[in-house]
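Below sits a lone chain in structure tokens, taken as the form predicted alone.
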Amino acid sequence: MFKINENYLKLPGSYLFSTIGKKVAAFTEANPDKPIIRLGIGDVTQPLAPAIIQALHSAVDEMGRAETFHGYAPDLGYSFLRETIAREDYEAKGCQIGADEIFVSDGAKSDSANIQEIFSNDCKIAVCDPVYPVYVDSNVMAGRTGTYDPKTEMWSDVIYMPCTKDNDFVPELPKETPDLIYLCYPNNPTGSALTKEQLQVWVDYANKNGSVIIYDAAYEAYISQENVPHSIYECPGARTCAIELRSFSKNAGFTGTRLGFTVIPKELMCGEVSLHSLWARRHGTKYNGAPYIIQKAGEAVYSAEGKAQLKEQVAYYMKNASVIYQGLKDAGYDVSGGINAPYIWMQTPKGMGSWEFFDYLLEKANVVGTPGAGFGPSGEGCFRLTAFGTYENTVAAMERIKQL
């Protein structure tokens, strides 16, 4: 008889945002007259920029003509997009990343879940706490995390690095040496950022200890402070210890069209084995490439028109972040984030648990956020709000919360 991967049975409950969706759906069904404002999931609300729409239309027209039709995309991505990314995202910032070190995909979520496949199952992982759930869950599915303790909400074989108000949301170097280190900056969910000097500490640590940093830079477009790096490859030595994940979802609104990429420098080795070659092998076997139409849209992100239009979109969302930050401050809440990231992290009031506050906010203000406990044990007593709503809904949500 067939057997299942029993590691899936170790996962507690459903995926965080699936649980939230079910709660909100149940509330809406019971209260159809109460309009909900959703500031929970980090999904964008502004339409695709005109330059991107134009590129999509042009690419669709190409697909309708035999002489310009495109079938299977190159599994690692079209050269026109990879070369543009290398030039605009890396060379322009002084980073030595070649087009052939860039792997185009359907998004950073997929890559952040799949990248663990090229590593041994006995690798020890370290994660910031709180953390984007996919990092841990994907390693649970691979059998790399040990046993789960429902009381502490921690896995026995995972190294947790608390990021709390007490340490200014900056993780300390772990006492136990990990093989894989997951870092996400600007951070989801806390909205915090690392300076170049702080990130350099991690690069030096990884090179010294033979660790690999899996660096999620999905929110780099929201960085506003000059001393915050947009890429880990701005740090000397990162080419021998770091893999970087990028997304078009948050900087260009591709949440519904799906596009991202992963960077693996050729110098990143395990003995005589290149991680670049392993990921290329995995990518070629399990992925048929992002669609030509979407990759042409991605190229338009870097055009002069695209850059200008997306700068306005980022400013729109960061205006929302400012509204949320100031609104919560005025209402007496302890808040952080919203400067280099489109997320606001707040302390729950009156000792409320984060899920208790979720229910309270949903019932009393009809506003949806994300409970901090869903991101890990150090997230308990905290709550995340996203700036990706419309400006009008963001203002309305703050008015509702102020009236509580």
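A quick note: this is a predicted structure, and the numbers were derived from the prediction, not measured. In this text, residue numbers run from 1 along the sequence as written.
Not on display, but discussed next: the form predicted together with a small molecule.
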Q: Among 39-47, 53-61, 349-357, 332-340, mark the stretch whose residues have heavy atoms within 4.5 Å of the small molecule in the model of the complex.
A: 39-47
Q. Since exactly one of K109, H230, H283, H276 fits, which has a heavy atom within 4.5 Å of the small molecule in the model of the complex?
A. K109
Q) Which listed residue (F261, Y182, Y219, Y317) meets the criterion of a heavy atom within 4.5 Å of the small molecule in the model of the complex? A) Y219
Q) Is the small molecule in the model of the complex near all of F17, Y132 and K250, within 4.5 Å of a heavy atom of each? A) yes
**Q.** Heavy atom of S105 within 4.5 Å of the small molecule in the model of the complex
**A.** no
Q) Does at least one non-hydrogen atom of T190 fall within 4.5 angstroms of the small molecule in the model of the complex? A) no
